[in-house]
Each structure stands twice: as C-alpha cells, then as structure tokens.
Ligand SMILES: Cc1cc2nc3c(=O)[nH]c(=O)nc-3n(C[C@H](O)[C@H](O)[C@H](O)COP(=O)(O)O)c2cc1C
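The chain that follows stands alone, in the form predicted alone, written as structure tokens.
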Amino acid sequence: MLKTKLTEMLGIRHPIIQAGMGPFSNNNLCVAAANAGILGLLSTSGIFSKTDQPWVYKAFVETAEASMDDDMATVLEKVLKRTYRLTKDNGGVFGINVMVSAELLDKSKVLIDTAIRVREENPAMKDHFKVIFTSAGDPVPWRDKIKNAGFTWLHVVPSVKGALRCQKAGVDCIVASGHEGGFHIAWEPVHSMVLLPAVVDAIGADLPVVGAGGFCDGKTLAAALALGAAGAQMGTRFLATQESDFHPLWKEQVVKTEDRGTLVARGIVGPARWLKTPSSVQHLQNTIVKSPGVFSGVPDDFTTVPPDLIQYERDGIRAVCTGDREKAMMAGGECAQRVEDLPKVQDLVDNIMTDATRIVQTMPHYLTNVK
C-alpha cells in the first residue's frame, strides 16, 4: 500500500481520486469508487440541467432515487443519503464536486448549503461524506462557508496563480489539473509535467497537491508521486468502467480512441477536450470562427459567444443520450488513447495500485551507478 498525505487526510486506502465528471450522473460510479478504497466524487452539474438538458437530468434523478418533481436541493439530499447508505458498511469516503464559475454561482450556493445541512442533520455521515470539491471558479469567497462546516476542502486549479489563491482561501488540498484532462480545461495550455511540479514547489510541503490530467494507471500514479504529489485524480479512466453511469456509447468511444484521438473546442464554461468524432471535428471548426479565444487564451463568455455554438454542444450530448452515433459528442482526456477495456472499478483500482507500488519499489533497478 502507498500511504500519502492524501490517504491520511481523508482516511482512504489508496491515493486516488475518482473525478467528479459531468454532465452525466456518476452516482453509481462514486459508490463503486468509494467502496474500492479511493475518494469517490459525485458530479452535481447534472442537477442544473432540468430545463435545458432534461435527458441528462432524467438520468441523474433516476440514479439518485429521486423524482422528476423534486427541486435541486431535494435531489442532492436524496443522492447524498443513497451514497452514504451504499458505502458506509465498506468504510467508503465520498464528496461532491461543485462548479463555482460565475455563470453558476446561484446554483452553487444551493448545492453547498444543502450539503452542509444534510450532513449536520445526519451526523453519522461525517465519517463518510467528508469532502467538498470546488472547481471552475475562485475559492476565496467560499472560505468561511466550507471551512466552518468542517468539510475537507479540495479545489482544482490550472495554474500556480490559482494554487496560491487556494492557499489564501485555506483550501485543505489542491488539485493541479493539466491541459491533458477531459472536458473543461484551462484557457492557457499548461500540461501536467510542467504544472504539477510547479504547483508543488510554489505551495511548499504543508499543503498536499494532487495531480490531474493524463493520469490513468500505475505508471502515471507513480509519476505523480515522483513529481511531489500526494496522489492522482483520474476521470476518463473511471468513465470507462462497468459501474460508470455514462452512456455505453460514451464508454465505447473512450475505448475506441487511438493515438491523437482528442481535440479542444468550446465547452459551456470555456475550452473543453473532446474525443475525436465527425461531430466534434465540426465543432472545432465552428469554434475557430465563433470562439477563437479558446485557442488564443483570451476568455469569452455567454455575452459574446453565439448561442448556436453552445447549443451545438448540448445537441451533441443529447445525441449520446439517445444513441445517435453520427451526431454524438463525448468529452474525454488525452489518456483515452491508453484505455483499452471496461473493467470493474475494484479490479481497476487493484491493478493500478499493484503496478504503482511495484514501480515505486523497483525504481532503483531502472538506474545505473546508484550510490
């Protein structure tokens, strides 16, 4: 077993985080991940989509044991209680991933307030529902609310500047997300090999850092530890598992993806990495014309991006949900080209840890003249 500051902080067996991917539900995936001894994260972005993406919302509600008539807070409460019920006997640890971008602040507040309330009303959950993970926005405004509620707080950043902002906010663990990652990525393309050690060096030894973006197996987990990280977050690799809630078409496309099989084009809250399909290639061409800031590093927003560009993405995700291969658009990280199967989550975690442990223990054998 590999023990790190991450495993000690969260009380998990292995230094791996299953990413809180959206927009699909990952309610079942989170349960499987937590029960496998890693941190399972519930996506919450699907709860936002009742009106504009009901096909996503329906899948989320069904796996939350909720009702289509429930409001946002009620849906989240039900999925939290379900996740606790299905993980507590195995000692599973889980959390929620909440996007706190400017476009979503009103919804983010509802989700975080609900999480705090549900845990306070159900004290036994505190040994399992330990984490609030924020992303896609500024952590500082959330400092008092999250810290005072007693959660372990993780925030994802794409830069050293963002990491220093996390340090100011009092975040407990920073996730440094390189440009290799799937779906929402940063405006500036800084990749994990540069970003992760830069954040580790800038933050110092007291605050643990986790690598994200390109991590998918024992080799890359061992690399994250060698770069000074306390663990690795993996999204695309866990998307392609038997317990993953993502549509079979999406999972199949990850496995089918080969060398140079991803591209970057517009996403709802900025640049996004997509698996390469005819539909995503067309979306790339549309993005070049209608949202060039994706490639020049100059952010734009809903006030300047033509609505039909955003609608194209929504239509592409809807096509996945309806099984329309021709129009489907599926997000995924660069590591998709290294994913070749759809294992059970427990088997995947066991294999990752076996390989990572072997690599760490045998590293001197790869070297000569070691003294």
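Nothing here was measured: the structure is a model prediction, and the numbers come from that model. The first residue of the shown sequence is 1; numbering continues from there.
Another form exists, predicted together with this ligand; not displayed. Remarks below refer to it.
In the predicted complex, this ligand lies farther than 4.5 Å from every heavy atom of S280. The shortest heavy atom separation between M21 and this ligand in the predicted complex is within 4.5 Å. Using a 4.5 angstroms limit between non-hydrogen atoms, G231 is distant from this ligand in the predicted complex. With a 4.5 Å cutoff on heavy atoms, C335 counts as touching this ligand in the predicted complex. The candidate spot formed by S45, G182 and F246 lies fully in contact with this ligand in the predicted complex, as each residue has a heavy atom within 4.5 Å of it. Among the residues L239, L221, L111, V131, the one placing a heavy atom within 4.5 Å of this ligand in the predicted complex is L239. Interface residue among T83, T287, Q253, N97 relative to this ligand in the predicted complex, by the heavy atom within 4.5 Å criterion: N97.
Judged by heavy atoms within 4.5 Å of this ligand in the predicted complex, the contact stretch among the candidates 147 to 155, 84 to 92, 201 to 209, 172 to 180 is 172 to 180. Within 4.5 angstroms of this ligand in the predicted complex, the stretch 120 to 135 places a non-hydrogen atom from S135 alone.
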